[in-house]
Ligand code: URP
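First comes one chain, alone, set out as C-alpha cells in the form predicted alone.
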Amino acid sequence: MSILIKDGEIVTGSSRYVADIYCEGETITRIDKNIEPPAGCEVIDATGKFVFPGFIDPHTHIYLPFMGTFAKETYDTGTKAALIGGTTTIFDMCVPGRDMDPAEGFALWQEQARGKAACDYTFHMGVTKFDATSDSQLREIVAAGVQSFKIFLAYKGAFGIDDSELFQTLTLARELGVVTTAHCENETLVVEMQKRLLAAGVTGPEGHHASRPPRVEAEGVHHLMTFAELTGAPVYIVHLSCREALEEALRARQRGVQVWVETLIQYLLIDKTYAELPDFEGAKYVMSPPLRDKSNQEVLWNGLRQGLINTVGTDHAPFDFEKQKPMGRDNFTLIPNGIPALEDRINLLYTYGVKTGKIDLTTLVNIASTNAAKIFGLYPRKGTIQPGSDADLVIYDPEHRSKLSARSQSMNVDYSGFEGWPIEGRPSVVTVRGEIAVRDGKFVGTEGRGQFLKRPTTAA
C-alpha cells in the first residue's frame, strides 16, 4: 500500500516548505512538488495543514508497579492514546524493583508490550541496583538494542541507588556508549523533610512540594553532574522543573559535562497552586519533582527557545483519582505520583507554545521529536521527514477547536490534569510506518502493530 500526502506544509526541525510526500511500504520514498499518484495509492489532501514528523515522547510509564499499585494504562490503551495525540514513538521506563534482576525486568516489560503496542516503542532500562549480576545482564540488554539507562536519585528503599551503584552504573554506561537518564532529587533530604512535615501535622497534598523544594532537585542535579564529570558518562536529566536545577545543569555543561535536559508539558503550563486545591483535589496534581511556582514557567520556555532544554516529555503515569490517589488521603507521601498527559502534549505545546509565540513550529518539532531521536539513537529513521525515514507522519489541522476533558480522552484514567482547557489544533491523520493509524481523533490502525526499536550505542 502507498500513501501520497498532497500540498501540506512540511515542518521539520530545520525547515518549512510546501510539497508532496510519497510513502511506499513503511518508508518515505519521495518528496517533491506535484507528485502524480500511482494506481491504488491513497491520496490525502493536506492543503492548509502542517505535516510534522511523528512525535516522540521520551518519558512514559505505561506499565508501572509503583507505590503499592499499578499505573492504569496498558500498552494497548496507552499507545492508542499516544497516537491520537500525534505521538508515534514512546520511550517507556523499564523500572524493575530492587528485588528483581535487570534481565527479569527487561523480559517482563517486553512481554507487556509485545503484540499490544499500536505505536513503536523502546525502553530506558532502569538500573535500580548494581550487584554481582548487574554488569553482565546490563551488557546483554544493551546488546539487545537498548541504548539508555534510567536511574533514580530518589525513592529511597524502592528504585533509588546509592553512590557506589551510581558510580558503577555511569562507568559501565561510559564504556558501552549508553546515555544514562536520571531522576534528580536528593533522596535523604526528601525523606527527612517528609518526616518533619508529617510530625508537624501536614498530611495533605500541599505537603508534597514542601518536602521536595527546588533546592532538593538542584542538589540532585549537582550530585549527578559531579559523578558524570568524573566518569565521563553522557547523562540526560528527566523532568527538570525549576530554575535552580537548570542552573546546575548549565554550569556542568559549561565545564564540559555532556548533559541533555528534559522538561515536561505539566511544568510548562500548571503550577503548584493546583496541588494545593482543597478537599484532596490537589492529589490529582502530585508528581515528582513537584509542580513549581509559576515563575519557573518562563524560565523553562526560555530554555526551550534557546536550546538549553532539549526535549519535552510527559512522564505519563496515570493513577485514578477516585480509587488510587486516596491511598495517600491521610499521608501525602503515599499519594501515587503522576499527572496524565500522553495524549495532550502536542496539542498543548501547539496551543500554548506556538500560538502564543513562546516557541515557533521548528522548535516544536525539535523539542517534541527530532532532539529525542538524535539523543537516543533513532535519527534519521525517526524524528524527521526525508526519503528513507520511517513514514511516521502527523497531518495537523490548525483550524480544529475543542476542549480537553476526561470524558472525551482516550487515556485510561478517570481525570484530566487539563480539564476544560481549550485547544487550537489537533492531528487529523497520523501514520505509523506507512499505515494510517488515526483519522479525526479516532484510532483506525492495526492493534499490536507497534515495533520494538533497537538502537545503536555510540560505541557501536
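A residue's number is simply how far along the shown sequence it sits, counting from 1. Since the structure is predicted, the reported quantities are computational estimates derived from the model, not experimental observations.
Below: the form predicted in complex with N-(aminocarbonyl)-beta-alanine (URP), not depicted.
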Taking the shortest heavy atom distance, is D344 within 4.5 Å of N-(aminocarbonyl)-beta-alanine (URP) in the predicted bound form? no
Would you check, heavy atoms only and a 4.5 Å threshold, whether K72 touches N-(aminocarbonyl)-beta-alanine (URP) in the predicted bound form? no
Check whether G383 has any heavy atom within 4.5 Å of a heavy atom of N-(aminocarbonyl)-beta-alanine (URP) in the predicted bound form, and answer yes or no. no
Heavy atom to heavy atom, is N337 within 4.5 Å of N-(aminocarbonyl)-beta-alanine (URP) in the predicted bound form? yes
Find the only residue in Y236, F130, F91, Y155 having a heavy atom within 4.5 Å of N-(aminocarbonyl)-beta-alanine (URP) in the predicted bound form. Y155
Of K284, H183, R292, K80, the only residue with a heavy atom within 4.5 Å of N-(aminocarbonyl)-beta-alanine (URP) in the predicted bound form is H183
Per contact check vs N-(aminocarbonyl)-beta-alanine (URP) in the predicted bound form (non-hydrogen atom within 4.5 angstroms), the hit among 284-292, 301-309, 103-111, 373-381 is 284-292
Relative to N-(aminocarbonyl)-beta-alanine (URP) in the predicted bound form, which residues of 296-319 have a heavy atom no more than 4.5 Å away? D315, A317
